[in-house]
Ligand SMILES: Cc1cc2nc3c(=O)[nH]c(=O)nc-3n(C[C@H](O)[C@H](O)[C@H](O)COP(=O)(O)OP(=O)(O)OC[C@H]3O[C@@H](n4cnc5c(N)ncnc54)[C@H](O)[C@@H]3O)c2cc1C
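The chain below stands alone and is given in structure tokens; this is the form predicted on its own.
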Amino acid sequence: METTQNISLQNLHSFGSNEKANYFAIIDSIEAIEKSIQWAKEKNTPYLILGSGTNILFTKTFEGLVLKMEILGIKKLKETASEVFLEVGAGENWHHFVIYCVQKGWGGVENLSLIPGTVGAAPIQNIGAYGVEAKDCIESVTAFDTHTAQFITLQNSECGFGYRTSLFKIEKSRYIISSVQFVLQKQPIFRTDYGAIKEVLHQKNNKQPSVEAISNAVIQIRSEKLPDPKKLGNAGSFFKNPTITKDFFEILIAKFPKMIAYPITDDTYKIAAGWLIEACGWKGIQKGNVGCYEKQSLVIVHYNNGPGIEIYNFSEEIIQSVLAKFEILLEREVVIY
């Protein structure tokens, strides 16, 4: 295993702040995972698995080993009359994988088009968009268990999937995902009832949706709403949509009748974090090198080469203002280091 010392992380994460790592190495095989973890244990140093760096914020030097995941490959495991089972390397680009499925006409991931990141990161965060989550099409996950020093395969029900979370996120230093097994549908059930998908399909006169039409609609919506991280540093949605009780929802909606919310169960509601942030006056605001994106309040953008701690402090200001106005504590979706 080749390691580099004192490397800049600026080009390895989408915020582009110029923090460093003490050590850096690339993982391009399952053997490299074992060797890297063994190296870290021998050096008694912490490690971090990095995919595309599109859901992470570095606020200081990482005092350990950063491992860039680059295990690639898409392999068909089996096929039935109605389903296709694939194994995909953790280092594969997520959007490229989605487009691969779309071009084959296999349904299940089209609503998750243009989400930045790698396939290996998808189950960790249980990424989701437009009514679909990664868990909906994940069959199983293969990972290196650093506690037992063995590779294991966890079935979907064993992965602890929840809203933007999973077993892999809760025990983030234990499991290193090497590949993900997906099940795609040959006769997909389309989800067009969330967000602006139906409206875009109508504009394009797509009366009978297809995986390609839905994917294209999602790409259009995301492109119009979210900044390209290659042009403007960001990690997409910075905050989770908070969940509150029905009783608290009724109190808030009486005070703020325009508040955007969705019932989750009979007793809980999910509140649109973007609406809360915008209602506090943050949309389009810039302070120093950091700002709240003018087209989507959920997105914090990095305009220049400022330090990561500046981005973190800006997010803390937003959290405190929402807490003061609505008594709701926003939780960051972005992982902080």
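Residues carry their position along the shown sequence, with the first being 1. For clarity, every value in this text was computed on a predicted model and none was experimentally measured.
The same protein also exists as the form predicted in complex with this ligand; that form is not shown, yet it is the one meant from here on.
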Item checked: Stretch in contact in the model of the complex with this ligand, which is absent here, among 47 to 55, 289 to 297, 272 to 280, 302 to 310 (heavy atoms within 4.5 Å) -> 47 to 55
Notebook entry, point to check: So in the model of the complex, does any heavy atom of Leu226 sit within 4.5 Å of this ligand?
Noted result: yes
Note to self: Test of understanding: in the model of the complex, would Gly236 fall inside 4.5 Å of this ligand by heavy atoms?
What the structure shows: yes
Note to self: So in the model of the complex, is this ligand close enough to Lys240 to count as touching (4.5 Å, heavy atoms)?
What the structure shows: no
Margin query: So, Ser140 and this ligand: in the model of the complex, are they within 4.5 Å at any heavy atom pair?
Written below: no
Margin query: Using a 4.5 Å heavy atom cut-off, which residue among Val88, Ala129, Leu201, Ile244 comes into contact with this ligand in the model of the complex?
Written below: Ala129
Item checked: Residues in 163 to 189 with any heavy atom within 4.5 Å of this ligand in the model of the complex -> Arg164, Tyr175, Ile176, Ile177
